[in-house]
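Only one chain is given next, in structure tokens, and it is the form predicted alone.
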């Protein structure tokens, strides 16, 4: 009979055995089960070599300290995408027996969740501006600037990507700012962050998020959707950014009596369109797979009735009607 009061080895051995058993039951077993029973979602893919470099930079720059990559099933997270499911993380695997899977989920939500940032903000132009100095596109942002990821040059060489900066945000010496291998890799990684759709009829619960709105849309919902999905480019008062992102104030599509093109652009996105004589290179996000009909009707109405705009509003049924025509293409 072992006597733990007099046999130190027995006490140590028994304690260690209990520790191992509890670790297997509480941590190792559930983790192994989750890994074996959650295959990657159809349509998901491994990161490219450039995106892997960007992921490494994302971690080394400490982005995970302020940003999460796990959408919660709560109303405040609905603007970031659908609630996360275990299969979303099936590709997060240890690189080898000695290197654990990268810690990317995060727990601090100082900044927005980035799970779906590649769909919510697909513009490389915007991402470069935001990384160089977040205040260029989000005036009240508290995110630190990352100018060391870019390079200043007197004259950009052919093929170099120049970061478009508003007046007052560029180098004081007047030099141009161009992207580097590091900034391009980080942007490539951010643009790769896209939620894959859940399989039809999946038991994973493809419940689409979405705040409630009345049939006319608009109101608080429209302002909320605009603030989280549109204001980063079109700015908080719809004034846009000269030569980079078009204004919505007085825009011919936004104030048109016929809202069809306005709804269609929000659903499909837009790129390369010349507006009032200005060609905008940055692509606009297609929100058809991100926002439901009520949310799109609400934000369209917010844009058509704010900042001096005064155009007829739309209903979720109007959005559904145009969405149906897109589905047939």
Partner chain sequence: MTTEGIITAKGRVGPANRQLTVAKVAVSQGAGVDPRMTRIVLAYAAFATVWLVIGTLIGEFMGFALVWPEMAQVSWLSFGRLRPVHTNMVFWGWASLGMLGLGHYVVTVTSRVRLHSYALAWVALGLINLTVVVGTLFLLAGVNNGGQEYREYIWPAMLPFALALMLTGYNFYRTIESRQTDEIYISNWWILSAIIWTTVLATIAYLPGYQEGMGQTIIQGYYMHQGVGMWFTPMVLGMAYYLVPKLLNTPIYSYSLGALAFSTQLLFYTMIGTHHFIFSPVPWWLQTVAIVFSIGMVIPVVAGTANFALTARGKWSMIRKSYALPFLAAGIFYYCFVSLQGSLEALRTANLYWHFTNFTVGHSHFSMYGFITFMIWGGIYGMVPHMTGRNPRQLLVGVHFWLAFVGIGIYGVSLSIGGHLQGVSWIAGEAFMESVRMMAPFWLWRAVGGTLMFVSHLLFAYNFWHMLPKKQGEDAAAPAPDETGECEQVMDAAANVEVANA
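The term rigid core refers to the most C-alpha atoms you can superpose between the two forms while keeping them within 1.5 Å. Numbering follows the first chain given and starts at 1. Note that the structure is a prediction, hence the values are computed from the model and not measured.
Although it is not shown, the form predicted together with the partner chain is what the next lines describe.
When contacts are judged by a 4.5 Å heavy atom cut-off, residue 23 counts as touching the partner chain in the predicted complex. Remark: residue 7 counts among the residues lining the partner chain in the predicted complex, judged by a heavy atom distance of 4.5 Å or less. Not displayed here, the partner chain is kept clear of residue 234 by more than 4.5 Å at the level of heavy atoms in the predicted complex.
The partner chain is not shown here, and in the predicted complex it never comes within 4.5 Å of any heavy atom of residue 307. Only one listed stretch (264-272, 282-290, 295-303, 30-38) carries heavy atoms within 4.5 Å of the partner chain in the predicted complex, and that stretch is 30-38. The single contact residue among 111, 156, 243, 199, judged by any heavy atom lying within 4.5 Å of the partner chain in the predicted complex, is 111. Of the residues in 255-280, none comes within 4.5 Å of the partner chain in the predicted complex through any heavy atom. Core-superposed comparison between the shown form and the other one: CA of residue 23 displaced by 2 Å or more. The Cα position of residue 90 differs by 2 Å or more between the shown form and the other one after fitting on the rigid core. Core-aligned CA deviation for residue 59 between the shown form and the other one: less than 2 Å.
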